[in-house]
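Before any questions on binding or motion, here is one chain by itself as structure tokens, the form predicted alone.
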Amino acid sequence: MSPSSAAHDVSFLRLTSLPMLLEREIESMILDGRLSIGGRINENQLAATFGVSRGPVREALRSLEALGLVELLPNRGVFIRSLDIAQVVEMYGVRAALFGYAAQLLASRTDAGEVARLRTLLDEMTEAAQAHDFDRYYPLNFAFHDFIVEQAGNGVLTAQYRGLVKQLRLYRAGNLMTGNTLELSNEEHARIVEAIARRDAASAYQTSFDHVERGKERLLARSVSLARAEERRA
């Protein structure tokens, strides 16, 4: 390879990977709350923050729009997407079907190592739930669901599920798991693990589907409670 050819390849790699790197970083800023839901994204400010031109930032934002995390409003600019409760309910319905199918697939071909990993996560979540430690429970809960989806072995399902989960994180209505809901949720996890361990694909689907549906019901109840509290304060 000639020096000029090598230089061209390096330049091409930098230009094609930079928007991807920016996409991941901006996505992280959205999902961890550094950028406000519903807020307008200042392309110039982001470009200055990252020390790049506006071109790669704009390309990264187009990718995030395709993922459903931002939206372009004509003559106004790019805004972080804001979800209402009706949209969230619809997304939960799709998520329930995807997660149920993932558990069904995993149950049909699981091995001892996968079951052992699920039981370890379950035990750790049980400890966190009993202590009402949401900060510890939340990442374990995410890891539990993602492990089942990943090990299902269906790349399309995995991509669709993870994209949906990211979008659902845009809906922030306070701490939606309070009181005994951690323990209730983890009891449902236990039923999922047992179905997978038995290699009962039908039961794995139903318990997993029902788990997400009950999560939706808990979210709705908590959202109503928060809305009523807000009305009383007004």
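Remember, predicted model here, so these are calculated numbers, not experimental data. We number the residues from 1 along the sequence you see.
Not pictured, yet referred to below: the form predicted together with the DNA.
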item: Contact flag, Arg198 vs the DNA in the predicted bound form, heavy atom cut 4.5 Å; value: no
item: Distance check, Leu18 to the DNA in the predicted bound form, heavy atom within 4.5 Å; value: yes
item: is_contact(Pro74, the DNA) in the predicted bound form, heavy atom dist at most 4.5 Å; value: yes
item: Distance check, Leu35 to the DNA in the predicted bound form, heavy atom within 4.5 Å; value: no
item: Candidate spot Asp210, Gly215 and Arg222, all three touching the DNA in the predicted bound form (heavy atom, 4.5 Å); value: no
item: Partner-contacting position among Ser28, Ser53, Asn180, Thr49 - heavy atom within 4.5 Å of the DNA in the predicted bound form; value: Ser53
item: Partner-proximal stretch of 40 to 48, 202 to 210, 184 to 192, 161 to 169 relative to the DNA in the predicted bound form, 4.5 angstroms, heavy atom; value: 40 to 48
